[in-house]
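Just one chain is shown here, as structure tokens, and it is the form predicted alone.
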Amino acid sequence: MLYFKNKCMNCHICIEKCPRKALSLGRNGILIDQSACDLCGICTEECPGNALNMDCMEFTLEQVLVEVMNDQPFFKYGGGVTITGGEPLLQADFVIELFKGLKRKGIHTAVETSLFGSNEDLKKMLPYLDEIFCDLKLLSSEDHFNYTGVSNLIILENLEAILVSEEKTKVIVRTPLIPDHTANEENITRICSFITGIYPDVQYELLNYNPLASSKYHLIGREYCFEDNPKMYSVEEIEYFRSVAIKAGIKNMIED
């Protein structure tokens, strides 16, 4: 459930109509208790300003394939379908069947994944992929747990498994540069040493920090990790991080 403050008319009808009492009035407008909300949709129907909306819709496999085929004219120029998230491995059965359908139609396929999911599901998915974009944010298990709430053991095991598989040339490992979290010489060096130790010719990419992410947190009533949102890294700063990666053994650096 998303809340768009600029559309809110301050009528508070949504609060009155919510059967789960998941909505309340806060200092900056409507607060959503996501743990109490069961996504019944009553508030979205009752809101006169359309300030409350779901962030997604449910589709059947056939409906998704119809949507994809609407864009088929673009695919012959190098396009295709990338399944991202969230985390695609959390809906592995659906995603695998979708990839099968796409390959039957000759469509290029890719997935963006944190690799935090079942190794068995990942193995089933690999044969239907042309490209695999994998996030590796932090190599330190302690830091990973502190920042994300989960261990990175599954991620590292899955990454190693695909970097020794026949699909390893399809893999691009990516590290998002988050100030004070992932964007430092020690972390990048450890990540690059780890992945090149498994597959020396691994493809690697550094993703610049995206300050627009803060708006997504506000839409669901969560506090952002930065009180003062940092700016994107400069060209010179990105070049420095790339030099760190190359020094740590990266041969195939993906650049924008």
Partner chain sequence: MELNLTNRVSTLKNKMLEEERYLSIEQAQIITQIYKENEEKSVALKRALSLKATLENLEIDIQNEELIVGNRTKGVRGGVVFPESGIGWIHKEIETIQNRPQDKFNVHPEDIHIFRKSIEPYWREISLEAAIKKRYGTEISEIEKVVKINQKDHAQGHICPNCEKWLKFGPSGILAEAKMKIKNASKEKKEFYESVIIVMEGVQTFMLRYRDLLYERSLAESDEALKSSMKKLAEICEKLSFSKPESFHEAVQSIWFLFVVLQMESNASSFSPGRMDQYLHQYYKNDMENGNLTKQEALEIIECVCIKFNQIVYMRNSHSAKFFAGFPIGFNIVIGGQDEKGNDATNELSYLFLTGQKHLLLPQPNLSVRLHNNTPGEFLKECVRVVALGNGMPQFFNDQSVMPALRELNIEENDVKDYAVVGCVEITTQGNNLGWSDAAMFNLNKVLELTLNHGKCLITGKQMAPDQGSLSEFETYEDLEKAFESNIKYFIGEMISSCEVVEKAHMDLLPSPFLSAVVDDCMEKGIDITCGGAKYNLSGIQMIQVANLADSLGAIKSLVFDRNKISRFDMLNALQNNYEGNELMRAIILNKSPKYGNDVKWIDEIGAKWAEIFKSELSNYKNYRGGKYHTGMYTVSAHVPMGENVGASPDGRYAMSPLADGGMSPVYGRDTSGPTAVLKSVARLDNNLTSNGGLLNMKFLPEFFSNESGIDKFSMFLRAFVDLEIPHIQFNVIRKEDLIAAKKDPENYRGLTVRVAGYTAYFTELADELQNEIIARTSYGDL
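Residue numbers count along the first chain shown, from 1. Since the model is a prediction, treat every value here as computed from it, not as a measurement. C-alpha atoms forming the largest set that superposes within 1.5 Å between two forms make up the rigid core.
What comes next is about the form predicted in complex with the partner chain, which is not displayed.
- This chain is displayed without the partner chain, yet in the predicted complex the stretch 225 to 233 from 225 to 233, 55 to 63, 28 to 36, 188 to 196 comes within 4.5 Å of it by heavy atoms.
- Heavy atoms of E46 reach within 4.5 Å of the partner chain in the predicted complex, making it an interface residue.
- A residue is said to contact a partner when one of its heavy atoms sits within 4.5 Å of a partner heavy atom; G149 fails this definition for the partner chain in the predicted complex, lying far away.
- Not displayed here, the partner chain is approached by L212 to within 4.5 Å at the level of heavy atoms in the predicted complex.
- Contact check for F145: no non-hydrogen atom falls within 4.5 Å of the partner chain in the predicted complex.
- With the partner omitted here, the residue from G86, P73, P127, G106 that has a non-hydrogen atom within 4.5 angstroms of the partner chain in the predicted complex is P73.
- Once the cores line up, the CA of G49 ends up 2 angstroms or more apart between the shown form and the other one.
- Here N10 counts as shifted, since its C-alpha moves by at least 2 Å between the shown form and the other one after the core is aligned.
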